[in-house]
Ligand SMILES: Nc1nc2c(ncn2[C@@H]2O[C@H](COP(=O)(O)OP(=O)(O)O)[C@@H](O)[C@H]2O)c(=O)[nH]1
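Coming up is one lone chain in structure tokens, specifically the form predicted alone.
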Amino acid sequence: MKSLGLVGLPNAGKSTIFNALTSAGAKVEAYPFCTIDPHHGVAPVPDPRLDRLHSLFPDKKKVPATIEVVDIAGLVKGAAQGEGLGNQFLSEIRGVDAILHVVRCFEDPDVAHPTGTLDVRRDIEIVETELLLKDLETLERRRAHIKKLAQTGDKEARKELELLERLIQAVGAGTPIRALGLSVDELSRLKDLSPLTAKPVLYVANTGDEGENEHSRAVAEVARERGAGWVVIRGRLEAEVAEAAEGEEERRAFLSEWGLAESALARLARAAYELLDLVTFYTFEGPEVRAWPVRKGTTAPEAGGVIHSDFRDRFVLAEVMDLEELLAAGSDKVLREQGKITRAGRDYLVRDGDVIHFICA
């Protein structure tokens, strides 16, 4: 399961967004640092395609894909040096797959702003500077260690030292690691360090009940400048709806009254999938109709391994159906009679919308 970390200044609305996504009821207060220990929640990913596939097998249980959401306490200026329990909070970010940078885009005199005024660009810079400073500290510490090995003539250590020198120069100049276009090999060398600015980022503009405003438009402008994605969420409204609604149907009805066609979770999940380069395949074997997210470029045996290691280790072939063709046919039996089920081997790369039956030895 992929994990998304909610990061931002205190009182940006991270816990509110967390509640909107997970319906977990995390404590929300009008003062900084009401979140000390991170909250963890699991959110089911809304998926209309899964709903349609389930309609062919109504007696089976529908199991959507899920994402883990981590509500990490607010970062303040000086967090990289430990201000505001910064080291504790920064360490929590290392464990997530992607960062949801929550930016406050609402005015409220009853909810204190940590700097006293609302300035989207400055607020974003405060958080990102702390992430860069923490990475700089991590890289310099690693360089001091690897330099000794490189001096002994170790070829791998020399390669790593060259990479570290390049990263330290870039990060020190304010460039996040994700913007450097590192190769797969270079990224693998950094795996143990888990640098914060190597993680993909999605900006979340948290507005008031009115929705998009000048502040959220400023967030969009920053995101475009940095080649990042962004979403606008009416955090408090969506959290209240998530708490009050009984089931997804009632939630959609409440949201439609406010002119919202879909929930924050649906919008964020779609953006997060794009951010993490994920595709979804489906299965309907046994008692469940289920959605499975995997990285784009995943082979059929690797996809099978997400379900069970036997599907990877004892893989023989995969029977692959196109979801839309299956829905049009009305059953896999009819689709088979039409000759539209593909038998795929080990090199097959799973596509978004595949429905797969794995055959093992």
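Just so we're clear, the structure is a prediction, and the values are computed from it rather than from any experiment. Heads up: residue numbers just count along the shown sequence, starting at 1.
If you look for the form predicted in complex with the ligand, you will not find it shown, but the lines that follow are about it.
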Check all three, 111, 206 and 236, heavy atom within 4.5 Å of the ligand in the predicted bound form: yes
Which of 127 to 135, 252 to 260, 152 to 160, 100 to 108 lines the interface with the ligand in the predicted bound form (heavy atom within 4.5 Å): 100 to 108
Close approach of residue 20 to the ligand in the predicted bound form, 4.5 Å, heavy atom: no
Proximity of residue 9 to the ligand in the predicted bound form, heavy atoms at 4.5 Å: yes
